[in-house]
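Only one chain comes next, encoded as structure tokens, the form predicted alone.
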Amino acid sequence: MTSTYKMYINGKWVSASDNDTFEVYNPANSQLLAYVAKGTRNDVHTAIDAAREAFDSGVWSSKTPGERSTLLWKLAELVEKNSLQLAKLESQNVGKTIKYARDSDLPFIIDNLKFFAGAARMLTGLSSADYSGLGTSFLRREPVGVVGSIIPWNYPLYIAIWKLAPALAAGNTLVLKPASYTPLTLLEFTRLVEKIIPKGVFNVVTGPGEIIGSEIASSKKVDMISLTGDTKTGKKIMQLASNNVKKVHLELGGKAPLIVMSDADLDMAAKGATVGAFWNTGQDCTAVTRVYVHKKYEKKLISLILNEMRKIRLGDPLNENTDMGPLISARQRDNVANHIRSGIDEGAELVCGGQRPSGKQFENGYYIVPALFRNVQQKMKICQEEIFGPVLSVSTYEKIDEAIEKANDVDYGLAASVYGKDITTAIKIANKLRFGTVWINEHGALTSETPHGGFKQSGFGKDLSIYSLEEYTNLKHVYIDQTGLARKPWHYTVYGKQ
């Protein structure tokens, strides 16, 4: 039986104001999963008003850090109890494998909620100090206010938690818009939120980005907008946010390089490149997309990568033996296929993959066989543009400075990695890479304690870690006069002299 989902606004589950809905499908087989309320401008205005009233009333921000911490921890425990159900739904809605959703995404989600439950009690400013000789200063971190969060379709619950956990820990109220492809796990999570968080503090509005996202970004009642998405959307959000000069936090596209040093363990590098390129079907802003290897090791590395790629099992994401599921939609599959054709047309050599898999089980899903290119030149589209699919390219270098230059020669700056045995040299290379995260002999490791965010057109601001609380708070300086001249301006003692 197909489910029907409403929106969650001001503590109530509501239909769209015009009762319209949209359909959500399983990308593995094109089967209808659910009907979801298709929000309108009136609906998002209602949600923003609810969040504004909840913030201004102090129903959440006036709670002590300890009280907010306790409630976030309870929410984490509820997610833990429902983790298998959420993982299965995530697998069905996104097309990611059940073992990835269950064994990677959900444990991290639970950990992140618990981390920020603790971090809620660590919102401290600078200790009191006398800097002027006339009075004492101290700094306060205060919640920004109403935060609008726009969630991507590749990690719909995972990244939603990255945004809502620090925002709630800091005392903000929220209006969230999930991607229309993948709203289901956030809506199911909201059923758990409903049991914990006061009404108006947490609101979810579903519907098209050009309506819901645009209204959130342009509203003068919203104090901050946080987006994870593509760079084109990020630029539009920045323009809309200028309406009231709201705070903006953007995690955008990526084109991650992996540099293989001459002394690297090639087997390790091949495994890192393969897993880094094809997890979540390559639909990841930090996915490995470009490998740079010394030309004398190119043939060997490609052979090792091919061996690893042959182990990848495409199929039903709910099957425990499946390693890679479908792309999110026919549109995304066509976009990836167009990039593959572009690579061939521009003269790169397609070593393997890139076609739709044969077999009845794949007929109605959005599958594509992982693709590997060699002889990829720096200015080719497949080297410069974010593909967001299972496509990996290999290029060569003669000197390591050339590899660093090529790695940096893209518009993006989200993530990169370096493989090599000489750690001193690897660190020097990492220091020269203009990316927000650089891994050494690894690609993709994230923890709740370490920040994640990009440079250049990959955006600005940090998710994860204590540093993300800086995004969701404002810093206030409070000054206390100690001279007994409180009724006079401080400069009176200087400029008032005869």
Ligand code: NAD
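When you see a residue number, it is the position in the sequence shown, counting from 1. Just so it is clear, the structure is predicted and the values come from calculations on it, not from any experiment.
Unshown form predicted together with the ligand; subsequent notes refer to it.
Does Glu320 make contact with the ligand in the predicted complex, using a 4.5 Å heavy atom cut-off? Glu320: no, not in contact with the ligand in the predicted complex.
Determine whether any heavy atom of Lys236 comes within 4.5 Å of a heavy atom of the ligand in the predicted complex, and answer yes or no. Yes, Lys236 is a contact residue.
Report yes if any heavy atom of Phe108 sits within 4.5 Å of a heavy atom of the ligand in the predicted complex; otherwise report no. No.
Is His452 a contact residue for the ligand in the predicted complex, using a 4.5 Å heavy atom cut-off? Yes, His452 lies within 4.5 Å of the ligand in the predicted complex.
Just give me the single entry in Met224, Val376, Ala76, Ile159 that has a non-hydrogen atom within 4.5 angstroms of the ligand in the predicted complex. It is Ile159 that has a heavy atom within 4.5 Å of the partner.
Could you check which residue among Ala264, Leu113, Ala348, Leu252 gets a heavy atom within 4.5 Å of the ligand in the predicted complex? Spelling it out, the residue with a heavy atom inside the cut-off is Leu252.
Look at the stretches 113 to 121, 268 to 276, 252 to 260, 298 to 306 and give the one with heavy atoms within 4.5 Å of the ligand in the predicted complex. Correct option: 252 to 260.
Go through 382 to 420 residue by residue and record those having a heavy atom within 4.5 Å of the ligand in the predicted complex; state none if no residue qualifies. Glu386, Phe388, Leu414, in sequence order.
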